[in-house]
Every structure is written in structure tokens, then in C-alpha cells.
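As C-alpha cells, one chain now follows by itself in the form predicted on its own.
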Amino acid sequence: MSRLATFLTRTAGTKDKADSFTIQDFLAYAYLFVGVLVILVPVLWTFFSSIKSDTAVESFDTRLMPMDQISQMVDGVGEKDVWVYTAEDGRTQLVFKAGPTRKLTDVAPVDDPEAVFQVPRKSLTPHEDIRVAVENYLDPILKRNGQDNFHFFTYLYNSVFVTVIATLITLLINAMAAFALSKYRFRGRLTFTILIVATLLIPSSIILVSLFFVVWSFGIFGSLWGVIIPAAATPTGVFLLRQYMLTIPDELLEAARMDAASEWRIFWRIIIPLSLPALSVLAILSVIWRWNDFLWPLIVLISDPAAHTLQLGLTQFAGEFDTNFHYILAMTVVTLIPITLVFVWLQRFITTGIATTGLK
């Protein structure tokens, strides 16, 4: 904790005045605080909304705590939502609605269901208590309460398979291309690099039809490989790794060649270990891209529901006439966990990549 406190209270000063807090430090901390809010507030809102009941979510309850209206069994009537009636003299009473909600609503005391009387609608407030709606998570995962069509573990396996295999292939292909473009001298090297980077200007939606016919021609339409292979090589990854590999001294490669090392051995034993920070950054980006991808898997896997990923599986909660937002929010929180774990695991390599130049 002391190290964390020291880190969070650092100031930008000289050695003689390292503890002084200036306007520069204030602006820096204010900027970082706003950035944290922009990133975390949507995530926290999603989490706190996911533990609210379906009634609270559908009524757009903006309170932070998961408040839920209390229901109680009433003799001769059944289970009813309980309301707090506040009379003009300030006295309160627990009642339930004995009819439709109107300007003057029929209500009856919980302990005396036969004594029906009318009260102004505005004098009724829900009788609530804090309740975490764990069923939002358990119902889809355990297939309870009519959620038999949501195969969580199948979707999870498909998402993990696509993400892991696609990330590994992306790292291999992009690293090989970046190695060739950064450490070999041949005519047109700069032209090829510019053409690869220029593909970033082409929106992905423009080439969807072409990709569809390619996947269909190779016979991988409707399979997970149809999602993995077309997006294996990315111009962003090639450019990122090439720029990083340019910082690796050529003398290391020449020394390895003098020791009779093959180009493949140089790539695996020198280039890859020294490029781990950049590869980690690309791995994080690839995991985010593949895990959250929706449009391309929807096109390729639409004919086979058993091959759907988690992102496609969430569409089952959105029907034509009804949408289960409480299930969508809960499963969205679940899908955030793997990406968070990957980022926590690889973030130290990002710091290393910023602080080093590739020479160790």
C-alpha cells in the first residue's frame, strides 16, 4: 500500500523540490482522473445494472444500488407487490393494489385484504429492499427459467477457440511479414509497406462481399475457420511490429549469421524474444478484435447456431417483441472478464515496450 500511495502522489519537480505540488501536477492528475471516469463509468454502470432485477432495468432505474420491490403472500389473494401508503397526517401503511393503477387507486392493507379503499396514486411508493439479482447470471448459464436455447459453455468454447487460434496465427504471420520488411533489403520494400498501411483506409464493410465469396469458395463457410483465416493478417500488426523491429540493431543479426545461424533460427531466437513487448501489444489488440467481433461471425456462422460465439449468442435475448436487457447486461459483464484478465497479464509488457528500444 505504501508503494501504491507513493506512486499515486508523485509530483513533477526537481530533486530539491520533489514534494512540491504545482499547477502542472494538478492538471495532470485532473486529466488522468477524467480519463479514468470516461473509461470506468460505462463499465461500472453495466455491472451495477446487471445485478438489478428485470423490473428495475426495464423501468430505467438510475439508482446505483440494486433496489427491488418486495413481494408478499397475501391470504386469499396470492403474491402481491407491497407499497407504502403515506396518509395526509404522515402515517404510513403497507398495502397492495387491489385494482388497476389510476389517479385514485384501489388498495388494501396487507394484514386485512378485505378492507379495500381508494388513495391518490402519488401517495404510494414502492416498498423496496436491496437485492442482488444473481438469477441474471445463473439463468442463462444453468439454462433456467426458459433459457434452454442459450448454450453458454458452447458459445464460450467457440469464442475462446476463435480468439486464441486467430491471435496465434495473427502474431506469426504479422511477425514474419514485419521481419522481412524491416531487416531485408530488396527493391520495393517501402512500396510494399506503404501499400499494406494504405489498406487501413479501406472500410471493412466494403470487402465483406469479396470475403464471403472467398470463404464460400474454400468450403469453410459455416465453420469457425471461416471466421479465423480471413482476418489473420492485419495491416496494423504488420506496421506496429515493423516499426518496433527497426529498433533492433542489425549487428545482432550479422553476428548470428557469422555463427552460421539460419534465417529461421534468427527469427525465433533473436527477433521474437526482443519483440515480445510489441507482440504483447498486438496480442491484446487481436484478442479484443476477435473476442468482440460480431458482424463477420454473424455472416459466416448464421447457418450453424452450434458454432455461434458469445457475441452472437447474446442476440437470443433480443426478440421481435421483447428484449431481456437484464440477461444481456449480465452476459456482457461475463464477456468482459477474459479481456480484462488478458490485459492485466500482458500490461507489464506494454510498459517494457515503451521504456526499451529492443536491445537487451
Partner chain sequence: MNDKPNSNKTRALQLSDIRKSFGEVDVIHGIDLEIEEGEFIVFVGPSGCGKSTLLRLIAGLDDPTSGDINLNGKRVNNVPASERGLSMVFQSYALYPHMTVGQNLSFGLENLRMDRAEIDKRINDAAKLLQIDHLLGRRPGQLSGGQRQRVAIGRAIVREPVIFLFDEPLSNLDAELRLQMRVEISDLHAKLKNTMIYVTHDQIEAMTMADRIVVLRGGNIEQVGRPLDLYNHPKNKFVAGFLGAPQMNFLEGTLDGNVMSLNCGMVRDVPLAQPGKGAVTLGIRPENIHVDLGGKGDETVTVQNFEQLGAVTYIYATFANGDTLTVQHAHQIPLQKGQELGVSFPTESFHLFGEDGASMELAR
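Just so you know, these numbers come straight off a predicted model, no measurement behind them. Numbering follows the first chain given and starts at 1.
The same protein also has a form predicted in complex with its partner chain, omitted here; what follows describes it.
- Site residues Val107, Asp111 and Val119 are none of them in contact with its partner chain in the model of the complex, judged by any heavy atom within 4.5 Å.
- Screening 75-83, 258-266, 152-160, 89-97 for residues having heavy atoms within 4.5 Å of its partner chain in the model of the complex returns a single hit, 258-266.
- Comment: its partner chain is not present in this chain, but in the model of the complex one of Val132, Leu124, Ile270, Val164 has a heavy atom within 4.5 Å of it, namely Ile270.
- The closest heavy atom approach of Val281 to its partner chain in the model of the complex falls outside 4.5 Å.
- Taking the partner from elsewhere, Leu274 is found to have a heavy atom lying within 4.5 Å of its partner chain in the model of the complex.
- Its partner chain in the model of the complex comes within 4.5 Å of a heavy atom belonging to Leu252.
- Residues of 123-156 are not found to place any heavy atom within 4.5 Å of its partner chain in the model of the complex.
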